[in-house]
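Before any questions on binding or motion, here is one chain by itself as structure tokens, the form predicted alone.
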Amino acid sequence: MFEVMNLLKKNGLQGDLFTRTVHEKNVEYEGGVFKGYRVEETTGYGLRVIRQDGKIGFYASNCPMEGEKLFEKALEMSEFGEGALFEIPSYPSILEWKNFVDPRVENIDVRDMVELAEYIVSRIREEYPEVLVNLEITAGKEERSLYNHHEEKLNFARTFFQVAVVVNHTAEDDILEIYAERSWGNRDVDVEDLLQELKRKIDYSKKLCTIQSGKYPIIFTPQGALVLLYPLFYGLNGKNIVFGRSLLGDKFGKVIFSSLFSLLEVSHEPWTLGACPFDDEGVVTQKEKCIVEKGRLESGFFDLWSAARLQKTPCGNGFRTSYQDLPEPGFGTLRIKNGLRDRETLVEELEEGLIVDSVLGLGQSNIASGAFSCGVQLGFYVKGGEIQGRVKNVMINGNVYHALQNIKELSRDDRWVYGKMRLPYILVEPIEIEA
């Protein structure tokens, strides 16, 4: 496979070969009943070539292929490629890092995963026999490698352990669905904390409440905060800035959000699922990079392609969704700086409002403009500082950029979401609620 690098060098071309191998075990329960398990191993590679005229060629495969044939395929695709305007960087020669591999995850037995799943299901059903429990546990190891035309090589490996639970309860005129997950790079996933989160949500959901249409303060839980973050990530994406699809292109260095809002990229955070010493283009990531500092927009997510067009310095934000994809602007691990008071205090001081934990239809909003209009899948009505119960048939409407200007408080409590984002509870007002 790697003789392809010699071909690149011989022909005076730039290029890199990305390989990804994933070993994965998965256990699944449906309605509280064991559905099955699977064990998979996949390996794939993608060759990126930059011709002397700057055109990019790319070819990916999950089948072994002779280096010369792979090289020819990538060159053939370059006829349809766009201009690079950048060079494949030389990889760091003195970079020291460690792999985040937990043997307890790498060598986990499927029986241990089934035992954990049975424990979670039984704990929920003991207290709430009326609900159905869907559960999925995934454990595995991911290995990534990069080779370039300089004949340099980088390797990185990490394990992952994920527990995702969906609790369902269907009544005559009501369908309740509650989701909770914990994802981490080692076996130290806090299952008890996961169960306590589910218990709180189920208990608060037993009583249905109504809320009048109007503008109210809303507390977004760490999971619910994705309503605010996904459109923001779209705006921070360097490719969207290049194509004029982002509203943030001319906002760098300006205060555009609440002074309470600070967003950091912390891609060296141990055991997070975004931890990485370098991105998928071989650019070293930073231990801490400020994206937003006290409301001022400092940086975005730039891969080599977008950084070259915007005359930005690439900081390790080129990531591939799979071996079949070219790098795109993305992030490793993110953290929103938390506040000073706990989430209970935020609720106790709320005269009337809503707690939003999950929504439906976020992707159907006008994400480029920051607008959102989505149904509340799981939300709780607060009156007089107390949670009264669950709401249904409620919509929230607003704009992410306006909402992030109107943050009133962030909680001291925070939590890792999908193992990649450490987020607090975020109190925003006012937000329009349509009941």
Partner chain sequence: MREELQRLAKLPTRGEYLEIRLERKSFTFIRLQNGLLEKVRQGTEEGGYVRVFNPRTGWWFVTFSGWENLKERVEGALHSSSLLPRSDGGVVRGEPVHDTITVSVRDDFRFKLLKDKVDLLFYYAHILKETSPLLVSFTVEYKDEWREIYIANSDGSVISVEAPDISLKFVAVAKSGDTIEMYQNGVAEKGGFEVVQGQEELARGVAQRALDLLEAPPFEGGVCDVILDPVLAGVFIHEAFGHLSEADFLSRNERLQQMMVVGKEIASPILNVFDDGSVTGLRGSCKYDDEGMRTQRTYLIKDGFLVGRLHSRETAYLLRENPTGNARTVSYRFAPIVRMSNTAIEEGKTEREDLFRDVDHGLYAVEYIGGNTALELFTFSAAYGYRIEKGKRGEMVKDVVLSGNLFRTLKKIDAVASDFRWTQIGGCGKGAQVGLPTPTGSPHVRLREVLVGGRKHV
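Residue numbers count along the first chain shown, from 1. Because the structure is predicted, anything quoted here is derived from the model rather than measured.
Just so it is clear, the following notes concern the form predicted in complex with the partner chain, a form of the same protein that is not shown.
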| item | value |
| --- | --- |
| The partner chain contact in the model of the complex: I291, any heavy atom under 4.5 Å | no |
| Exercise: E40 in contact with the partner chain in the model of the complex, heavy atom 4.5 Å | yes |
| is_contact(L248, the partner chain) in the model of the complex, heavy atom dist at most 4.5 Å | no |
| Interface membership of E76, the partner chain in the model of the complex, 4.5 Å heavy atom rule | yes |
| Which of 195-203, 110-118, 159-167, 344-352 sits within 4.5 Å of the partner chain in the model of the complex, heavy atom basis | 110-118 |
| Contact residue in the model of the complex, chosen from E328, E298, E142, D102 - any heavy atom within 4.5 Å of the partner chain | E328 |
| Contacting member of Y91, W97, Y323, Y216, with respect to the partner chain in the model of the complex [4.5 Å, heavy atom] | Y323 |
| Neighbours of the partner chain in the model of the complex among 232-248 [non-hydrogen atom within 4.5 angstroms] | K239, F243, R245 |
